[in-house]
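Heads up, the chain below is alone and in the form predicted on its own; it's given as structure tokens.
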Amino acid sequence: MMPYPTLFSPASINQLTLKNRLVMTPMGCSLANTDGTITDEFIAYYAERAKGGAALIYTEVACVNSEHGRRSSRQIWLTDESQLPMLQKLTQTIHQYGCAIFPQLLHPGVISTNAANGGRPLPGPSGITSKFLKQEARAFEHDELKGLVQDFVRAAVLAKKAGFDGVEIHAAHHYPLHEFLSPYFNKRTDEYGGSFENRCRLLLEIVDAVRAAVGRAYPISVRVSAEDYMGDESYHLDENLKLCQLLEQHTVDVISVSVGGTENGRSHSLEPITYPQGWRRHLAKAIRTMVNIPVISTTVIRDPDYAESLLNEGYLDFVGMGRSFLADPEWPAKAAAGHPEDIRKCISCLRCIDSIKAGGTILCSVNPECGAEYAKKELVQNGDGRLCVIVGGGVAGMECARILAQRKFRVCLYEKEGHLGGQVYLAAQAPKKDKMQWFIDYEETQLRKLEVDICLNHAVTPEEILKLRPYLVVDATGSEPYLPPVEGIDGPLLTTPVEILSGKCQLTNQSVVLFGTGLTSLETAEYLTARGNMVTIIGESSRIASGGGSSVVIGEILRSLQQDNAVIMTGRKLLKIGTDRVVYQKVDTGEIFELPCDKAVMCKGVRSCGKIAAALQGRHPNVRVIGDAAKVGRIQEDVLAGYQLAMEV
């Protein structure tokens, strides 16, 4: 019997029958050329998800106007027929796997940059500048709106010619079609502003014109933000329910439900790790109750049991997942095979989003192949049982062990602690960060299935390693807290984040001072405040978390600390750690202060270990160093390092 009968039952959108209920929702990947043409890398990226069992794939946002409607420098365009050959190659490739594909049609309005649009001001309903992107803006002229309608029509017609199975019109996430709907952004006084009917007018004109151009049998999807989360003046679920009924009347075939957007900090539409599975399922259910067309919704869906329950309980008709397909393209195939434990779940760390924001291509912390599918090497099983010793059970060491074992090497993994995961295990101890443990659990499950010899609580020595006569030694010993040369650094008042998060130093209802304003300091402070401690964070830099981390995640932590009355003081240089107090200097004035406390925590970063490699230098011919042991980095960089070494050996 199929383990998830509803999830893997067919269902239809208009006359298009999909093989299951699993939909890859749109996410930017930045794999197109700068002229908007599709690349082989772009095709390989989506083909991997189609091959893995998705029933329907929505591409990243497709530009419908290349003059003033570019969201980014490397997105696809649907603007003229010169793009057809590669578009057709994409659709033909996806169809080989029994998967349907829709482009998501978008004009970004003010949610873009002037630079991406030739330096021109960005058009929106009323010329209101994005408070986050802060780019020069202007209002759409009345006559331009008719041209905008035709931009969407041209793109939809081109999509149909290219073999796409349908199209989606993006009217969510504070892009202009969403902003026209919202009184918060729409201050127009013509027939496109004011009343609810007027605010819906542009979107419905686009829907009607696209329908007339593509015919009644061609599927049209509209993505909506069910709730704006912008205060009383904004656009709420009640109006959205009326909109969705209008969309159905105007022959839209499926509603894709999201929430919020850029202007509320994206924490609702691109949820950080703190958000639980299904947190906004009620919004999708409300819309599904009011319409008679299918509803797709994303709501941090990570495991198939939960996805099945959402379908069976009537929350939605199709399970929408974006980041889950990045983390594991084979999510559907593994679920269908009855092996949910083999799914590499998204941990909601937002590395994918940060990589795009930084101007790069799509990356994933837990999937080192994400975005590099076209260049992926074949996994060659030529290990012949040769022994590889890996020292350190953090994410770099675990990923290296997994790939080596798949290649038929015999792998022995040593870890000095009683658990795997390294720094990620510690990060998972912070409040609402338990998703981090999912990746550790996945890796450990795979290692045990591959019969990797895991030796916990074993700080292996160089002499022990040499006696084993291994083919390869991998130093994945990670990093250790950096302790600066400050008076009192070795005193009893001081501890480290490792001691706190591992539970070796347990503090409750204490006064605690943390030195450093990086992400580790913030997460440790959040852990401490959750246990009733009174926390003060002191940093020399004037910036908070300047060393990295998602801005959305950092914002969530700062709000949590504020609610718990934590104090953050920047521009302070630590001078001395006493027995019951710390001494610091205010950088701008030179004033010296003393602050009594029960405990102090040094959060000034970490430094690489690499001690095993150093001890074996000249004593073994094949020693490699990976992850934080080589260079301190993020999870994605460590996992990639382990993967690359194991593939190259």
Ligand SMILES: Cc1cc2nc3c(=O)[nH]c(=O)nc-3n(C[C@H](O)[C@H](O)[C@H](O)COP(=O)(O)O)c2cc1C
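None of the values given here were measured: they were computed from a predicted structure. Quick note: we count residues from 1 along the sequence shown, nothing fancier.
The form predicted in complex with the named molecule is left out here; the points below concern that form.
Note that among 354 to 362, 551 to 559, 177 to 185, 537 to 545, the stretch whose heavy atoms approach the named molecule to within 4.5 Å in the predicted complex is 354 to 362. Candidate site formed by Q83, K161 and V167: none of these residues places a non-hydrogen atom within 4.5 angstroms of the named molecule in the predicted complex.
Listed residues M27, A613, A55, A47 were compared with the named molecule in the predicted complex; M27 is the one with a heavy atom within 4.5 Å. For the candidate set A226, M321, I101, L514, a heavy atom within 4.5 Å of the named molecule in the predicted complex is found for exactly one residue, namely M321. Although the partner is absent here, V300 is a contact residue: one of its heavy atoms lies within 4.5 angstroms of the named molecule in the predicted complex. Contact annotation for H173: at least one heavy atom lies within 4.5 Å of the named molecule in the predicted complex.
In the predicted complex, C63 stays away from the named molecule, with no heavy atom inside 4.5 Å.
Within 4.5 Å of some heavy atom of the named molecule in the predicted complex lies at least one heavy atom of E271.
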